[in-house]
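In C-alpha cells, the next block holds one chain alone, the form predicted on its own.
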Amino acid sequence: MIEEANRCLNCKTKPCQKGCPLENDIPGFIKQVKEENLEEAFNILTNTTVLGAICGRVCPHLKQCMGNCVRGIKSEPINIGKLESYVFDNALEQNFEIEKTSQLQGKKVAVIGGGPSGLTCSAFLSKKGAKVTIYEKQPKLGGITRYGIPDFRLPRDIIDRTVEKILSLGVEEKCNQELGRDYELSDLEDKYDAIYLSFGANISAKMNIPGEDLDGVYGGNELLETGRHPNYEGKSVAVIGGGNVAMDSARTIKRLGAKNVYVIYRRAREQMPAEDYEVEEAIKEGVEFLFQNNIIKIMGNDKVEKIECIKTELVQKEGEKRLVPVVIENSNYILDMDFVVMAVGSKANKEVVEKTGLETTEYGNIKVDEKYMTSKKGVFAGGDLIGTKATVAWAARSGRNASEEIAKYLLD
C-alpha cells in the first residue's frame, strides 16, 4: 500500500477531504502511510472516525472522497478506501489505543441503537470520559453493518474487531434489549444524564402499487436484516430499486440459488445510487438489470405470479437538477415472476417511534433541532432516524456531530 500512498499529491486544498462525509484528514493520514508511521496515521483518522475498517470497505468512495481526487482527472484516483482500511486493519491487529480525555468524567449517557451512528456517538463520548451504555435489540452490535450488509462485502470479523475496539474505550453493551419491549424511554431518563436515539430506519418503504400485499413480496431491508429468505431455487426474483440495499439483495438472492434475478430501476445506470463496481459485480454473478423500467403492478392469486412493468424515458423538467423518469405510454409488458423484493428506500419503525412520545416530522422521522436535541430536553437523536443520508459514513458523521452537542449539553 506504500506504493499507492506515494501516488498522493498531498493537495493543499484537500478536495478528497471535502468529499468525505466525515471530513477525514485524508492527505494527512496518507502522508503518514508514506512514511510508514501507521500508528500516527491511525491517530489522525481517529480524530474524526472510529469506523475506518468498515467505511474503507463499504463507502461509495467514487461518489465521495475518490470522486474528488485530483489524480482521477487524468488517471486513476488514489484508492483511499483501501488505504483507510489498511491503516485500521493494522491498528486493530497491533491493538493501537484510541486517545482519551477526562472531560466528561462522571457523566452517564445511554445510546439506543448500536449501528454506525450509535457506535460513533458512543466512542466519541467515551473518548471524552463519559460512561456510555449502548442498548441494542439484536444479539450483537453493528446495526446495518452486521444485519444489512452481506458478509461477502463486509467480513464479520472486521465488524467484531471494530466493535471490540470501541468497547475497549469503556463502553458497556446491553444487547437483546428493545425499546418499547424490554424498557421504555422514561426508564432511562432517571438513570442517565443524556440519551441518544440511533435505532435507525430499517423498515422497507412501499410503492403502494396493486398486488404489493401478495404472498412473495418482501422488503429488502428485512430480508438482509433477518437472513430469513424463502427458497429461491430455480425461481425468478425482481428486485426494485437502485441503491445499496437493491444491490445487496440481488447478489444475495442470486447466491442463494435463484434462476433469474432482475434489478428494475426507473432511471439510467449512471444515475444509480449504488457504486458502479457493485453493479459490475452483480452482472458478473448473473444479475440482470432493466434500466429505465418501472414496476406498476404485481399479479397473482394469493401469491406472486407475474409483474407488469413500463418503460421510462429521462427528460429535463424545469426546476429539476437532474433528469426525471417519465413513463412511455403503451410500453407496458408482463414478466413471469415468483418473488418481488422492494428496495426503494426505508423508514423508521412507526410503532417504536410513537412509543418514545417525541415530536416527529411529516416523514415519520424524529424531529431534532440544530443541536440534535429532540422535543424532550436531554434526549438527542441522529442517523437514519432523523432522515440523515442513508450511508454508513453519513450515519457516523451524524453520531459524531451529536456527540459534540451532547458533550456541550453535559458541560453546561
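Just so you know, these numbers come straight off a predicted model, no measurement behind them. Note that residue numbering follows the sequence shown and begins at 1.
Quick note: we don't show the form predicted together with a small molecule, though the next part is all about it.
Partner contact region in the predicted complex: 58 to 66, out of 371 to 379, 58 to 66, 37 to 45, 357 to 365, criterion any non-hydrogen atom within 4.5 Å of the small molecule.
A single residue from the set 135, 218, 192, 232 has any heavy atom within 4.5 angstroms of the small molecule in the predicted complex; that residue is 135. Scanning 288, 308, 313, 178 against the small molecule in the predicted complex with a 4.5 Å heavy atom cut-off leaves one residue, 178.
With a 4.5 Å cutoff on heavy atoms, residue 241 does not count as touching the small molecule in the predicted complex; it lies far away. Residue contact with the small molecule in the predicted complex: residue 293 places no heavy atom within 4.5 Å of it.
Although the partner is absent here, residue 391 sits close enough that one of its heavy atoms falls within 4.5 Å of the small molecule in the predicted complex. Although the partner is absent here, residue 248 sits close enough that one of its heavy atoms falls within 4.5 Å of the small molecule in the predicted complex.
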